[in-house]
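Before any questions on how it binds or moves, here is one chain, the form predicted on its own, in structure tokens.
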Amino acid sequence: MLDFTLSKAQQEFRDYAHQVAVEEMRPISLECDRSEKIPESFFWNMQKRFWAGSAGQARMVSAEERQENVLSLLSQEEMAWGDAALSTAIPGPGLAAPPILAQGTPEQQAKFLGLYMDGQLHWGALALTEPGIGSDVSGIATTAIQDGDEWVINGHKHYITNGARADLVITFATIDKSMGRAGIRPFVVPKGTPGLKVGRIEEKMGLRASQTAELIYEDCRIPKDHLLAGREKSTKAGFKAAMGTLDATRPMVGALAVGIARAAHEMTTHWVKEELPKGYPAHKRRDIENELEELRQEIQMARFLVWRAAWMADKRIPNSKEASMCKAYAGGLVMKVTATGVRISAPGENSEAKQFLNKWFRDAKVFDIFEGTAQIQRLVIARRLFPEVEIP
């Protein structure tokens, strides 16, 4: 049975994440956005917070039942409330973890994820997107050719979060283009591997403090055992790994979008209550209050869609449709909420409130794009709702 009531332990975990957002993220959010840089002290503070506090609490909560996805989303929403860009930069395996956990053998999991247990600063990255090939994973052009005891990778990836600082990059490539999606495989490419080059670091409108890199593979050689294909011998295992990764990460994106929407809604509501001029027409004030109440309800709906997708993932229930639903809905909603905040509130041009609302409005746009555009999400949903209909 699905229950939307958080247990005491879950609520404490959520409260801890919110405390981290208040103390570590909000105070440096605007400056990091302006400079596009994150102080190294933030990384070390988050490393200490993670291992000393959050991880310990997560283990305590997870003792009740398997719920790593739900716990991750509770944390992600609070972190995004603090600053979504900083949230994506927290040290750890990040987006590299789902493919390793889904397709790695126990030995590979111990080898690759063990790196993140030494208390130092390490990051992971996921390399799916290519120039001209974004949401359509089946069109991947990066190749991997076996040469003796090595794989040789050639290709070009872009828009890779933490790509330049990642210690491990999970790279999806095709072993045979004629096989289509059946030829796709996930490979672990360590930082410093000869032939792996970092291209440009993107200058962005939103999430400016989050590092988004271009990666170039030129005869990049990795050991044969860096292919993640030990869990399932199906010819479509690699493509399933890519899709399974998106099924895990799309709810995370939804949670981040909910966190930003909540932050913008709270600040806009506070401005209306405390600073809306006293002489403002009563009927217009009521219209604004009604609009904000409707948005509050929509934020709650988006949150429940995210929670449902995460709950299904923890229960090992296929959740492709639900993952796409929560991502599409939350991605559109965060644009709506932040645009409303910018339109309704009129704080001073240089006030902190105005700067935050403008920042969140810029940050929001990408949530309708990355991890699959809204159009792709609707296509996935339609295919799941109408399996008997051939949808291109």
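The first residue of the sequence shown is number 1, and the count goes up from there. Worth saying up front: this structure is predicted, and the values here are computed from it rather than measured.
Form predicted in complex with a small molecule: not shown, discussed below.
Between 96-104, 277-285, 158-166, 69-77, the stretch whose residues reach within 4.5 angstroms of the small molecule in the predicted bound form through a non-hydrogen atom is 158-166. Residue contact check for Arg296: none of its heavy atoms lie within 4.5 Å of the small molecule in the predicted bound form.
Remark: Tyr16 does not count among the residues lining the small molecule in the predicted bound form, judged by a heavy atom distance of 4.5 Å or less.
Among residues of the shown chain, Lys204 is one whose heavy atoms approach the small molecule to within 4.5 Å in the predicted bound form.
For the chain shown alone, Thr143 is not a contact residue for the small molecule in the predicted bound form, no non-hydrogen atom being within 4.5 angstroms.
Only one of Leu228, Leu126, Ile184, Ala302 lies close to the small molecule in the predicted bound form, with a heavy atom inside 4.5 Å, and it is Leu126. Of the listed positions (Val198, Val152, Ile133, Ile175), a single one reaches within 4.5 angstroms of the small molecule by any non-hydrogen atom in the predicted bound form, namely Ile133.
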